[in-house]
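Here you get one chain, nothing else, as structure tokens; it is the form predicted on its own.
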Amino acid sequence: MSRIPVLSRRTVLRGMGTLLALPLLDVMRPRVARAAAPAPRRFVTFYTPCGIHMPKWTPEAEGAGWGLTPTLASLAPVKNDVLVLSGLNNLPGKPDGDGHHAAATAAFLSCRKAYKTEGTNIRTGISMDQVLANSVGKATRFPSLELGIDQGKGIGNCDSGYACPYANNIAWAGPATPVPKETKPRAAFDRLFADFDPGATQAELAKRKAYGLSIIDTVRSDAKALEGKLGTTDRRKLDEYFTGVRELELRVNAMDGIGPQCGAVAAPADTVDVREKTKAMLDLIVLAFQCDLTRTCTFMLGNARSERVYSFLGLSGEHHAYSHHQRAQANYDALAKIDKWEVEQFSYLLQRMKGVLEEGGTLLDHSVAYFSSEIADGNMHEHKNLPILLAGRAGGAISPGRHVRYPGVPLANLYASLLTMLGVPTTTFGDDGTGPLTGLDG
């Protein structure tokens, strides 16, 4: 019989001022329960701004026979893990007058109408990710994780009389409390994987800084001691985890201009390549889930009314300007390029999650990944028939690999179902919810 002791999930590796969390290992689970205990269920939201060009998004066929459209083509490696949902509406996202992007972004996960104001008297509703965080978040070090690419203003008018917090946040802890997102990969990485050790000595901190040591190097002694206590599967998991952390650390260092340098160098730019920044943020999400540091995460690829210029796609105009296409073919073509790139990023996240093996399946099998935008067609500012992808199986609660239509059904009903399958029984949600969405399980 094995003599390997049970290891606490709170175990960390320590060295030279650093605390490094560990992935979820078999040895952390009580031996009698390892075969029966299900893996944790996680939820990640992938928000993309300015809508989607729906003609190139929507599959014609329904059910399991759906085909990949030009915009969804990059999902081919994970097609059987994806559920395409058409027809869902988020009518609480309609503004009073103009301000469709900000009002709909405030309602993106809350399904609550935002009070129109440019001041500080903002009001919408708690978002479903924070409902989840308030419940399952108690089991992890971080109740939730909020990430994004663009910081944006925290005050003032960002969209036709709607305050900036409406446009720049999708996570709301309460009606008047947006949860700020972290937009710097270095800060997010340090928060998750390079935590300061309050027991460190000044000499340890100085040595780490002076030598520019990797986090993995600083905890190597603790890691070797741990490896001797692990079985084959756990040693493989730990090796994969260290490799992932180190690769991400190198990429984050490169973005910051940290690392080997020769002579004077220019200060790093305030912004980095959105492609590298997005990839780093998505890798952080996967590692955070792999370590069971959190089970709830939101990611904003851009803020509402994004004015990003996708020059690497050969485009010279701003995203928001293209979204007001005026039925011009050139604008349609530009939007199709942007939409395709956005879905490619989501596909990357799904493939990374599918590559992490856990007890009884993969990280993706045990999770729900949700992709959508605040509106559908950007020219019409449509709050109906939103572009929605669900991926993963939520531990068996979702049967993916299909295209399902829900004409005229509130988006809030989807959130009620997701909360229930993720461990928070919910009958209705938001301003217009009427009950859980049926048919997600096949």
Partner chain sequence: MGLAVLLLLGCNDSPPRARVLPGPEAPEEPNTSVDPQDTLCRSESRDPGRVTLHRLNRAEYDNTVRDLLGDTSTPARDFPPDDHGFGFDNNADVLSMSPLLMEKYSHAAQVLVETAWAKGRFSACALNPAQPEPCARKLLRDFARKAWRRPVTEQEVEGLVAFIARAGQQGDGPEVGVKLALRSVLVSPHFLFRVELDAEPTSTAPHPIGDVELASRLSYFLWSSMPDEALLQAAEGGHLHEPSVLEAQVRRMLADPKARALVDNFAGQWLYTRALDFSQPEPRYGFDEPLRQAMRQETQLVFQEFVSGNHRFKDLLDAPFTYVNDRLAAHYGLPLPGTNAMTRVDLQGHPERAGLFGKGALLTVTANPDRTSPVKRGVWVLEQLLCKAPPPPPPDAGGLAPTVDPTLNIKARMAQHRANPTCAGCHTLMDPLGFGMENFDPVGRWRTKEEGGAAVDSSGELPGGKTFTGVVELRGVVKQDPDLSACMTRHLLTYALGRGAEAADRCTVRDISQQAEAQGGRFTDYILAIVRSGAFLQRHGEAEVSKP
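Worth saying up front: this structure is predicted, and the values here are computed from it rather than measured. The term rigid core refers to the most C-alpha atoms you can superpose between the two forms while keeping them within 1.5 Å. Residue numbers count along the first chain shown, from 1.
Heads up, the form predicted in complex with the partner chain isn't pictured, but that's what we're talking about next.
In terms of non-hydrogen atoms within 4.5 angstroms, which of the given stretches 342 to 350, 278 to 286, 68 to 76, 244 to 252 touches the partner chain in the predicted bound form?
-> Every other range fails; the passing one is 244 to 252.
Listed residue that, although the partner chain is not shown, lies within 4.5 Å of it in the predicted bound form (heavy atoms), from Thr218, Asn89, Ser372, Thr294 = It is Thr218.
Here the chain is shown alone; which of Leu85, Leu363, Val131, Cys158 has a heavy atom within 4.5 Å of the partner chain in the predicted bound form?
-> It is Cys158.
May I ask you to state whether Asp81 is within 4.5 Å of the partner chain in the predicted bound form, using heavy atom distances?
-> No, Asp81 sits far enough from the partner chain in the predicted bound form that none of its heavy atoms falls within 4.5 Å.
So in the predicted bound form, does Lys237 come within 4.5 Å of the partner chain, heavy atom to heavy atom?
-> Looking in the predicted bound form, residue contacts with the partner chain include Lys237, since a heavy atom lies within 4.5 Å.
Examine Asn379 and determine whether its closest non-hydrogen atom to the partner chain in the predicted bound form is within 4.5 angstroms.
-> It does: once the partner chain is placed as it appears in the predicted bound form, Asn379 has a heavy atom within 4.5 Å of it.
Just to confirm, Lys354 within 4.5 Å of the partner chain in the predicted bound form by heavy atoms?
-> The answer is no: Lys354 has no heavy atom within 4.5 Å of the partner chain.
Counting only heavy atoms, which residues in 142 to 159 are within 4.5 Å of the partner chain in the predicted bound form?
-> The stretch 142 to 159, when checked against the partner chain in the predicted bound form, contributes Phe142, Gln151, Gly152, Lys153, Gly154, Ile155, Gly156, Asn157, Cys158 at the 4.5 Å heavy-atom cut-off.
After the core is overlaid between this form and the one not shown, has the C-alpha of Tyr241 moved by 2 angstroms or more?
-> Yes: Tyr241 shifts by at least 2 Å between this form and the one not shown.
Yes/no, Ala139 Cα shift of 2 Å or more between this form and the one not shown with rigid core fixed | It does not reach a 2 Å shift.
After superposition on the rigid core, does the Cα atom of Asn157 shift by at least 2 Å between this form and the one not shown?
-> Yes, Asn157 moves 2 Å or more.
Closer or farther in the predicted bound form: C-alpha pair Ile155, Ala412 (3 angstroms or more) = Here the pair is closer than in the predicted bound form; there, farther apart.
Would one find the Cα atoms of Gly154 and Leu145 closer or farther in the predicted bound form than in this form, where their distance changes by 3 Å or more?
-> Farther: Gly154 and Leu145 separate by 3 Å or more in the predicted bound form.
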